[in-house]
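Just one chain is shown here, as structure tokens, and it is the form predicted on its own.
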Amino acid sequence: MHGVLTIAATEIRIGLRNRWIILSSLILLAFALILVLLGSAPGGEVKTDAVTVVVASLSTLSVYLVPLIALLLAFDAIAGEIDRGTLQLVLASPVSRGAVLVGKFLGHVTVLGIAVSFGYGIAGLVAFFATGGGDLSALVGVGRLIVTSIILGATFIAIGYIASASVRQTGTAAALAIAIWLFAVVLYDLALLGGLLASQDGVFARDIFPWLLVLNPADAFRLYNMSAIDAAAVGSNLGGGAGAALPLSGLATMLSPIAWAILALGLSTLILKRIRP
């Protein structure tokens, strides 16, 4: 356990010095504050708290930015060690390969958590006080968004380890990470939309689409957060007409990213055990 914590602490120090991570935190904060300014503007007939509108907007923003930040953290976790020639030294330590990966995972998740908490926490507080304060339950939504964003990020960190352990060059790992992000966040939803348009009320729309929607960790994250903040109040129709037919609902929806994280960590550990530095 001591070795795991030592590796985690090392990754935290490296991550906090990483300019990309600092820049990502500032980007999260900038986008969040812009959404705060837009969400706290006069809303006409929208009968909802400004903080709730901001949380709804940030949940959509998180689907794109948080996985990207997570993959930027993870893509060189193994490939980078090989490129720098330090993997042999790391694997020569008395810590098992699985423990090495768990230590890196804990460190990277902590760094991601700091970035997300910094950006969204400040934005939530600004939105709360900019509207003169109000129901403290609105801040619960911000806290829920932060926690679920960290879970989503942890999932993509673990998936990024698969890409990093599968190749021996950092550049190749980076290209794989971007391809994973593009598929999971953009192309997957486009494919689902195309299937819905082709199927209309057919078997795909009724029976297959709900499962595929929940299967994607990014979509599962978005569905949970939008349902938790009463998406209808902010005019969202996310999930289309399949909301009532979803195989998982409520907090159970978050089982999808958690399951993906466990599966990806297990698979990346198996790949790492096969590496001969």
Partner chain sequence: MSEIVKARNVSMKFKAVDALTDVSLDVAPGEQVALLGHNGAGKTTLFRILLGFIRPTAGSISIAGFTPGSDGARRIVSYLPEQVAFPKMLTGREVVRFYARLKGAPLDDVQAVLAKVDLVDAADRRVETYSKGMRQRLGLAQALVGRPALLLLDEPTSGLDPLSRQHFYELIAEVARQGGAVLLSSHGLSELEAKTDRVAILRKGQLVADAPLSDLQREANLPIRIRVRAASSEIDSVHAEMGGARINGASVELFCELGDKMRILSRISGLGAKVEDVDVSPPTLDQIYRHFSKVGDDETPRGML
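Numbering follows the first chain given and starts at 1. Quick caveat: nothing in here was measured; it's all calculated off a predicted structure. We call the rigid core the largest set of C-alpha positions that still match within 1.5 Å between the two forms.
One more form of this protein, predicted in complex with the partner chain, exists but is not displayed; see below.
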Legend entry - Candidate stretches 78-86, 140-148, 114-122, 170-178, one within 4.5 Å of the partner chain in the model of the complex by heavy atom: 78-86
Legend entry - the partner chain contact in the model of the complex: Leu272, any heavy atom under 4.5 Å: no
Legend entry - Distance check, Ala191 to the partner chain in the model of the complex, heavy atom within 4.5 Å: no
Legend entry - in the model of the complex, Val102 touching the partner chain (heavy atom, 4.5 Å): no
Inset, instruction - Spell out, yes or no, whether the shortest heavy atom distance between Ala92 and the partner chain in the model of the complex is within 4.5 Å. - result: yes
Legend entry - Sequence-ordered list of residues in 1-36 near the partner chain in the model of the complex, where near means a heavy atom within 4.5 Å: His2, Gly3, Thr6, Ile7, Thr10, Arg13, Ile14, Arg17, Asn18
Legend entry - Shift of Asn18 between this form and the one not shown at or above 2 Å (CA, core fit): yes
